[in-house]
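Shown below, as structure tokens, is a lone chain in the form predicted alone; questions about how it binds or moves come after it.
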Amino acid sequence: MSGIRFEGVWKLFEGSAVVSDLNLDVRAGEFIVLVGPSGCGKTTSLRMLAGLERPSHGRIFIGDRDVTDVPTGERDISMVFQSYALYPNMNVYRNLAFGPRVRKEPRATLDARINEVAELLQIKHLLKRTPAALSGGQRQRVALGRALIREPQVFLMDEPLSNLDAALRVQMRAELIRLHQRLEKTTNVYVTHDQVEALTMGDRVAVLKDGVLLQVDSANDLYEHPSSVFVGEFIGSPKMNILEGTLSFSGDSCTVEVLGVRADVSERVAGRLREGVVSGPVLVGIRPHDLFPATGSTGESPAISATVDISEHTGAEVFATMETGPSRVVARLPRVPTPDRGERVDLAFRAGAVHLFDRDTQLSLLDRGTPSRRTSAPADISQQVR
């Protein structure tokens, strides 16, 4: 099995950095997801790994081999794109066989491998059909099969499910997870802008913004311990509420003032504050799931008076956009009875669930999360574009 390593990788277009000092280790056999908004550099990073783009600076390794200057066809990788890219005049069997036949692989071996891959992807009954006679999910399976037929060390996927409808995306996500579990020797790198895909599929998730790697962690750690305001808002739906607040220390006590109330910060949160944090303005992150109608239970903040503006029913839950003083927040409300628009509700949050960020840098003040390893560019980086 082969892992992947990006070492100080930059990619510049017309002097502007699309990927900035990317340092990332992918373990052998791992399923890692690159996620971020459009233009964050995730697809460019994947294309550099595939050999379709060359880094402006830095090195890329597959296993112990430096592949920075190695042609795509010699990297032992397979790639699935957003478009299925199937040959319309060939049936499924011939689509799967096209690459191996170009490489002049023996017919007997090829037949066995095609049958194995077709059975794995549940497309054996489709081998004689052309792409026009297939559904979107079936075409996607054929595209996956064409990549898997090579038995690559590294399997790259660039938003392969984006053309499918919502129900089929959920089904294909589950199938890709099962496929990864069966192909233990293959390292998977998956690119998506969909945070739900990222969190449900990846062993780890790498969050990028403006070409910079912000955090690499498990789905749970990204959600529970975001390293910055951006990660906190991007990961989780509905997104985290980010509010102006004040952190205060007095003797052994630590409090946070937010939404017009002062709450004792739990020992769990206070014990995780980074060394050197002092009293003063901060940004307070509260997830909608942790902001709810007050019950007076131990560990809750004092009650916060809020007015319902918009209610959104998701089936299992109801989230409402609410006004509280000058702030607007999203909170989780009971399904029955759901408060009407204009109704006043007393909200509370769990003191142990707050996230604290520096107001200027927007980085977490807590001791979890992986800050970006971004370093300064070489002085002549603009001269190194090749």
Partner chain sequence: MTVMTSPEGTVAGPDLERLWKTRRDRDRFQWSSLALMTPAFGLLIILFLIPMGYAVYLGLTNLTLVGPDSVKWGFTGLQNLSRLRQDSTFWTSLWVTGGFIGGSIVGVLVAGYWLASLLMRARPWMRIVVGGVVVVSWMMPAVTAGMTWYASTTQGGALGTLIGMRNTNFLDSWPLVIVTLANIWSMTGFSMLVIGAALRNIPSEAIEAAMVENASAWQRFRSIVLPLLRPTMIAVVLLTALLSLANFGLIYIMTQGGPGNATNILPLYSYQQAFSFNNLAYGALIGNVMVLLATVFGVLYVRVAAPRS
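Positions refer to the first chain, counted from 1. The term rigid core refers to the maximal set of C-alpha atoms that superpose within 1.5 Å between the two forms. Given the structure is predicted, the values throughout are model-derived calculations rather than measurements.
Omitted here: the form predicted in complex with the partner chain. The next part is about that form.
Q | Stretch in contact in the predicted complex with the partner chain, which is absent here, among 116 to 124, 231 to 239, 72 to 80, 257 to 265 (heavy atoms within 4.5 Å) | A | Of the stretches listed, the one contacting the partner is 72 to 80.
Q: With the partner chain left out of view, choose which of Arg274, Arg107, His313, Arg103 has a non-hydrogen atom within 4.5 angstroms of it in the predicted complex.
A: Going through each option in turn, the one that passes is Arg103.
Q. Which one of Lys209, Arg204, Arg169, Arg150 is close to the partner chain in the predicted complex, taking close to mean a heavy atom within 4.5 Å?
A. Looking at Lys209, Arg204, Arg169, Arg150 one by one, just Arg150 meets the 4.5 Å heavy-atom criterion.
Q: Could you confirm whether Thr295 comes within 4.5 Å of the partner chain in the predicted complex, counting heavy atoms only?
A: Taking the distances in the predicted complex, the answer for Thr295 is no, it never comes within 4.5 Å of the partner chain.
Q. Does the partner chain come within 4.5 Å of any heavy atom of Arg47 in the predicted complex?
A. Judged by the heavy-atom cut-off of 4.5 Å, Arg47 is in contact with the partner chain in the predicted complex.
Q.
Against the partner chain in the predicted complex, would Leu179 count as a contact residue? Criterion: heavy atoms within 4.5 Å.
A. No, Leu179 sits far enough from the partner chain in the predicted complex that none of its heavy atoms falls within 4.5 Å.
Q) Using heavy atoms and a 4.5 Å limit, would one call Asn89 a contact residue for the partner chain in the predicted complex? A) Answer yes; at least one heavy atom of Asn89 falls within 4.5 Å of the partner chain in the predicted complex.
Q) the partner chain in the predicted complex: within 4.5 Å of a heavy atom of each of Phe13, Ala17 and His57? A) No, the whole trio is out of contact, none within 4.5 Å by any heavy atom.
Q) Which residues in 297 to 312 have a heavy atom within 4.5 Å of the partner chain in the predicted complex? A) Contacting residues: none.
(Q) After core superposition, I'd like to know whether Phe81 moves between the shown form and the other one (criterion: C-alpha shift of 2 angstroms or more). (A) After core superposition, the displacement of the Phe81 C-alpha between the shown form and the other one stays below 2 Å, so no.
**Q.** Yes/no, Val196 Cα shift of 2 Å or more between the shown form and the other one with rigid core fixed
**A.** No, shifts by less than 2 Å.
Q: Using a rigid core alignment, state whether the CA of Asn91 is displaced by 2 Å or more between the shown form and the other one.
A: After core superposition, the C-alpha of Asn91 moves 2 Å or more between the shown form and the other one.
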